[in-house]
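Only one chain is shown below, in structure tokens, and it's the form predicted on its own.
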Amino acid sequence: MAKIITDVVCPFCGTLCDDLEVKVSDDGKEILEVYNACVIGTEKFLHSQAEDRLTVPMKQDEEGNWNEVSIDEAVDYTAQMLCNAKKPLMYGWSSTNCEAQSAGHEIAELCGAVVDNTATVCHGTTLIAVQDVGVPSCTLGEVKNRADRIVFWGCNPAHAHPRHMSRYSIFPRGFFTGKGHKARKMVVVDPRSTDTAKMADLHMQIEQGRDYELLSALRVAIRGNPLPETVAGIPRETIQDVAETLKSGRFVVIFFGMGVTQSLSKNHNIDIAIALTRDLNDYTKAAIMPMRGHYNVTGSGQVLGWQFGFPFCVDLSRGFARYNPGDSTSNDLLRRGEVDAVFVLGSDPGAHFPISSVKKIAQLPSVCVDPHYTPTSAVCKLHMPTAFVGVEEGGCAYRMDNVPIETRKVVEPPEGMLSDEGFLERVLARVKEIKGVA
């Protein structure tokens, strides 16, 4: 008889919805249905049941042919590759649990590697800005219960975080937001007319790459100082109306995405967005929060932070932690040819890095740890499949508001398949054996 597992955490995006229900077979090996999840979250669970899923390690020979190898051989190849490299790159970490991240960092320290996560190509600029000026933030629970002015700047949660608006930001009825979306005002700043923008009370269709100017203009308008007729393609009256709307709210929250972090001015955009939030606190309560994408990219920054003091692009090649975005970030290292081996887990740089970086990965000794066939696994020398974290393996993950949540195991992985943490623990043991470390 089938059984239903409740309070399951979705392992797709940084919203980490924790109200899912999963119907599994009585032997606990097959997922039958997923309730409460968005379309993407549902697919994440069901895809683990794919018939063509890779269940054994595959290694590429010198002619480019793929051959099955044992787990012991995969562990040994990975350990030898990392130990023999002068400066290996260990990248990804955003779609796995904190326990695996911690084990991977110990390997990196022993091998003098560079550890970097997907923040390097998304919200790394946010982390730099927070280090510069701090951040007035809050939890998603506070947003649900208190926020009545919501700004989505450079993000499209209707597609990227499909349940964000229904669980936390727009539609839910909280302790002090009992009328739900009727009591909230929604402002969207985006050069495109997205599905999120179509739902907004006011869409500021900014000119591409001029976020810094509009943020500055809002700071001016909040203080009641004069503005030019248009700023970044937005009329003065609209900017003033938005400023007054935000000032009149009881609790303002600004959510921002890669439309701000990866456009012109980068971390300086976030500096001034935080300054705008600080200015609003002179009139009302205001907070700001990044819309983190990979479900545990926030956790990767947290684990790196408490172990090495820096949230991404941590260079351990000299025996101590160094941090220099633009120098020790993955794409910069790959394009300059400064790394001589690549280890990827919990990410797919083959699909998202510039082709110049992907070509470098293809030329180097490399390992991809992923339950999927991906563009990265296609260019790496070893593809090591592991259990789906959040589906076949539990563990700790951090929500986009830095709240840690324990994820739940739903079904058993295929027989003999290791978890990310299990594989890394075996690689760590082999590295210690090679290096003669107790």
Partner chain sequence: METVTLTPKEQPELFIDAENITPNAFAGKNAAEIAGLSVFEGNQTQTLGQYFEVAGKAGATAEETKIVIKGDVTKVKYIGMRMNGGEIVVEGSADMYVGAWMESGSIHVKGNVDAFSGTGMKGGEIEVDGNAGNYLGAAYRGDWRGMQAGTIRVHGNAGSDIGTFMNGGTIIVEGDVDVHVGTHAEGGTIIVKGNGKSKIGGQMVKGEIYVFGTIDVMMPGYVYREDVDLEVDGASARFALFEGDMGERHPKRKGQVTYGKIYQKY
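These figures come from a predicted structure and were not determined experimentally. Positions refer to the first chain, counted from 1.
One more form of this protein, predicted in complex with the partner chain, exists but is not displayed; see below.
The listed set 151, 119, 303, 111 contains one residue whose heavy atoms approach the partner chain in the predicted bound form to within 4.5 Å, identified as 111. For the residues 202, 183, 133, 362, the 4.5 Å heavy atom test against the partner chain in the predicted bound form is passed only by 133. Heavy atoms of residue 243 never reach within 4.5 Å of the partner chain in the predicted bound form, leaving it off the interface.
Although the partner is absent here, residue 213 lies within 4.5 Å of the partner chain in the predicted bound form, judged by heavy atoms. Proximity of residue 286 to the partner chain in the predicted bound form falls outside the 4.5 Å heavy atom cutoff. In the predicted bound form, the partner chain sits within 4.5 Å of a heavy atom belonging to residue 279. With the partner left out here, the partner chain still marks one of 162 to 170, 82 to 90, 244 to 252, 67 to 75 in the predicted bound form; by a 4.5 Å heavy atom cut-off that stretch is 82 to 90. For a residue to qualify, one of its non-hydrogen atoms must sit within 4.5 Å of the partner chain in the predicted bound form; none of 8, 28 and 35 qualifies. Heavy atoms closer than or equal to 4.5 Å to the partner chain in the predicted bound form belong, across 300 to 329, to the residues 317, 318, 322, 323, 324, 325, 326, 327, ordered by sequence position.
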